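First, one chain by itself: the form predicted alone, in structure tokens.
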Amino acid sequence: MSDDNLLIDATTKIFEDLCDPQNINAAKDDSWKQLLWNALEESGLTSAWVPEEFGGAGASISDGFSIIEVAGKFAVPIALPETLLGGWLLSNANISVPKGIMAVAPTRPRDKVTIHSNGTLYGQVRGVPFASEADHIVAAIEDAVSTKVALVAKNNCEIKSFSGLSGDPRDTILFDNVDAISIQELEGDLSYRSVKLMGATIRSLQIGGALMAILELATEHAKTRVAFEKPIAKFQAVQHNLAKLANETAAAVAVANSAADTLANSPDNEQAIFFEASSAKIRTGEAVGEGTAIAHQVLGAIGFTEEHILHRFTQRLWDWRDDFGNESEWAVELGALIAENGPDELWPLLTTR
């Protein structure tokens, strides 16, 4: 993760001013979305992973991860992480990065996009975050010999709008002989799995950030909510639950940051990246289940109301848990790696991290 406090402070300030969860929860319409996006775009945060020669900010991988974690802390309901990932993909395929919002597909392990012999795209992908709100779709395409990246205008696709548990778009995209603006191969050692691991790490960081926010919400509520003439934070059962929530949060943040650090500083170590990123998605997914249940238990009925902001975090956590592979899907892949390497390699793999 980045140590650039100025970047973190600047990102936090934009979200405090334009994406405070309480203000968004009380907003009568979505007009705030464009104001927020304009501020993020003008500050260069939406193009952080785009090199300067492509017109972007040219920030480091660590800097982008810091932006994403802060976005998680505010449960940001716009496609900032998706646009960052799209810019990273396009840049690594030497495709010019357009302005505006981007969605990335696929996000489900079983969904595929293929290229016809005539160069058009075909396939159906489900649960794509913010596809209906995007200007462009960035598709990762795996074939027998390489991984390709396609940039597609949203209006060239058929998009069926669906909402996730959070109410944010989780759309189905139908590519039916769709012409792409550009299709190029991913450069270097990047592969289709690299795209999945990058997406999984992004979601793990968002989950860690959001868990920090709900831990603070639950703790503050316990301090001020009075029952039987004393704050509920004085009750041992509540203290125990808050300690468990703190533990789940600490574990999620630690494993997500470890995966981010490995991606940023050991980009050529494919096995280490897979081990770290898959472990992060597994552990943060488990933390979502435990952490959201505890937070809602501490807040009681008020936490389920539309007026309270807790649901803005917990419902997005439930959505993020499934994006780019859930914990069960990654556990199968991680287990296969351990079995392939054999028992003698497990301890060195753990202790060298």
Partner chain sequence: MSQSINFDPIRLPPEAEELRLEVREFLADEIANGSFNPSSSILKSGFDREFSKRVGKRGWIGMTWPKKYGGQERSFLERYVVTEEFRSQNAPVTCHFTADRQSGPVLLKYAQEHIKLDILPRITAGDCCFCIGLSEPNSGSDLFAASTKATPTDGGYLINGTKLWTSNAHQADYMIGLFRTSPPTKENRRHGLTQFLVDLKQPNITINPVRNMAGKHDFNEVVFDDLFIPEDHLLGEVDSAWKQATSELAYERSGPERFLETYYMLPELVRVLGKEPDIRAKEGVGRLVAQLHTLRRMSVSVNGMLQAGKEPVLEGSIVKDVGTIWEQALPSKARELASFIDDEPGNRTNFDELLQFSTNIAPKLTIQGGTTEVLRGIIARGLGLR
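Positions refer to the first chain, counted from 1. Source: prediction; values computed, not measured.
The same protein has a further form, the form predicted in complex with its partner chain, not shown here; the description that follows concerns it.
Enquirer: Indicate whether the candidate residues Lys234, Ile338 and Asp344 are all in contact with its partner chain in the model of the complex, with contact defined as any heavy atom within 4.5 Å.
Expert: The answer is yes: all three residues contact the partner (heavy atom, 4.5 Å cut-off).
Enquirer: Name the residue from Arg170, His136, Lys112, Lys73 that puts a heavy atom within 4.5 Å of its partner chain in the model of the complex.
Expert: Going through each option in turn, the one that passes is Lys73.
Enquirer: Under a 4.5 angstroms heavy atom criterion, identify the one residue in Lys244, Lys160, His116, Lys99 near its partner chain in the model of the complex.
Expert: Only one option qualifies, and that one is Lys244.
Enquirer: Can you work out whether Asn156 and its partner chain are in contact in the model of the complex, taking contact to mean some heavy atom pair no more than 4.5 Å apart?
Expert: Output for Asn156 is no: heavy atoms all beyond 4.5 Å of its partner chain.
Enquirer: Looking at the partner-bound form in the model of the complex, is Val226 within 4.5 Å of its partner chain by any heavy atom?
Expert: No.
Enquirer: Quick one: does His240 come within 4.5 Å of its partner chain in the model of the complex, counting heavy atoms only?
Expert: Residue-level check for His240: yes, a contact with its partner chain.
Enquirer: Would Phe130 count as a contact of its partner chain in the model of the complex, using a 4.5 angstroms cut-off between non-hydrogen atoms?
Expert: Looking in the model of the complex, residue contacts with its partner chain do not include Phe130, since no heavy atom lies within 4.5 Å.
Enquirer: Based on heavy atom distances of 4.5 Å or less, which listed stretch (192 to 200, 79 to 87, 143 to 151, 254 to 262) is in contact with its partner chain in the model of the complex?
Expert: This holds for exactly one stretch, 254 to 262.
Enquirer: Looking at its partner chain in the model of the complex, which residues in 219 to 233 have at least one heavy atom within 4.5 Å of it?
Expert: In sequence order, Thr219, Glu220, Ala222, Lys223, Ala233 come within 4.5 Å of the partner.
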